[in-house]
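Two forms, one chain: they're shown below as structure tokens, one block per form, named structure 1 and structure 2.
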Structure 1
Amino acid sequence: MATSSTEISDLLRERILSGEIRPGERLQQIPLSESLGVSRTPLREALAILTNEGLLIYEPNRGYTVRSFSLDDVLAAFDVRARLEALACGLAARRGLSSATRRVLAECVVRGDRILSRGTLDPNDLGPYRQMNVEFHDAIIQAANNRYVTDFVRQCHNVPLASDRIFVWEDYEVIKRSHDDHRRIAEALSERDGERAEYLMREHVYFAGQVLKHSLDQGLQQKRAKFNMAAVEVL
């Protein structure tokens, strides 16, 4: 159980970035402290941390609300994230990967292969695949060993739909292509081919942004179609 403000903020951050706590949702301290089983003092400190990170908005007499981001905000975050994570690949390749980092990346590829080996997407596999993806990207960021890259990438991930916790878990071929990127990126890094690793990572993150945009556009079109059908029925 989380007890410190850091542990509580980590827990809430993960829930926000994964979409479990949705944009626009109000976080009331008393019900939240009861549901988490934590005292209100570290909870207040955790909420302040997330507000400083830009994930929450605080309004006097109204409390905390999860920040909403426009599609333009999300795509802009993907654009910056693609360039920064590509830079991280270049830095990591030039430094050379430690044996521990090589092992983490290799294990992530194996775990992804295992999940996708069925040839179909199981909703129960989304959580494990998401965790694998987070570990893969985090390992590369850490291998870059540049705190500015780390800090700025984290800011991009604080735009929830642009984080590496979010997946459009619908199309097997899309996820397979994305995971094949993981394999190629890991190989390029192991060979210290920074230029290729940078290109692959930039395209990998950019592609994820385009998949999300297409999914959101389709959802909006479906809502408009339902609205138009309802209007016709009323007429």
Structure 2
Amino acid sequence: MATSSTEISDLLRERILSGEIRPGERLQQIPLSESLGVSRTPLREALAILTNEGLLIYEPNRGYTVRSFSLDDVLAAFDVRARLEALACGLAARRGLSSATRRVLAECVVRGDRILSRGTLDPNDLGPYRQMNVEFHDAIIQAANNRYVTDFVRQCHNVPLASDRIFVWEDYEVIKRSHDDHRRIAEALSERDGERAEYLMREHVYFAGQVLKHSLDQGLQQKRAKFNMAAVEVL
């Protein structure tokens, strides 16, 4: 059971991003505090934090509601992530990779290769691929050692949908292209070619955003159901 305000905000954030708590939903303090088993005081601190993060909307004397994200919001986050993760590549290349980071990246490439080696994609493969993807990006961001990059990229994932970086890429070709990007990025980084790594990463993330956009443009309804995109309001 959550007790401190940060634990409460972490829990609520998760529920919002997962779609368990839906956009537009009102968060009433008393019922919520009872269901969480805490009093209103720490809950209110948590709500203030989430509002500050942009996940909730606050109106004085009217309370908190879950914010709705438009497709434009989501794409805006991808634009920013593309630049920030590119910067991360540049910084990481300039600093030089630690052997640990180098190892993680190499491992990620191998894991991806293995998953994609059959030439088709099982639904069961999505989870492991997703995990690998997260580790790959996180390793680079960590290597950049820039507090603001780390923070802001995390905040970019505080948009429903973006938190699961891959789950609209059910297409084998799309994932393959993405993984090829990874390979090239890892290569450029280990050669300390910051410029190239930057360029590749920027396009890599931007591409993901475009795929998402097109996925949503066509066949919206099915995907909503399939991937529980409850938390995204598409205009």
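All residue numbers here refer to structure 1's sequence, counted from 1. Under this definition, the rigid core comprises the largest set of C-alpha atoms superposing within 1.5 Å between the forms. Keep in mind that what you see is a predicted model, and the values were worked out from it rather than measured.
As summarised for this chain, the first structure is the form predicted on its own, and the second is not. Rotation of the smaller rigid part against the larger between structure 1 and structure 2, from C-alpha superpositions: 24 degrees. Per-residue C-alpha deviation between structure 1 and structure 2, core superposed: G54, 3.8 Å.
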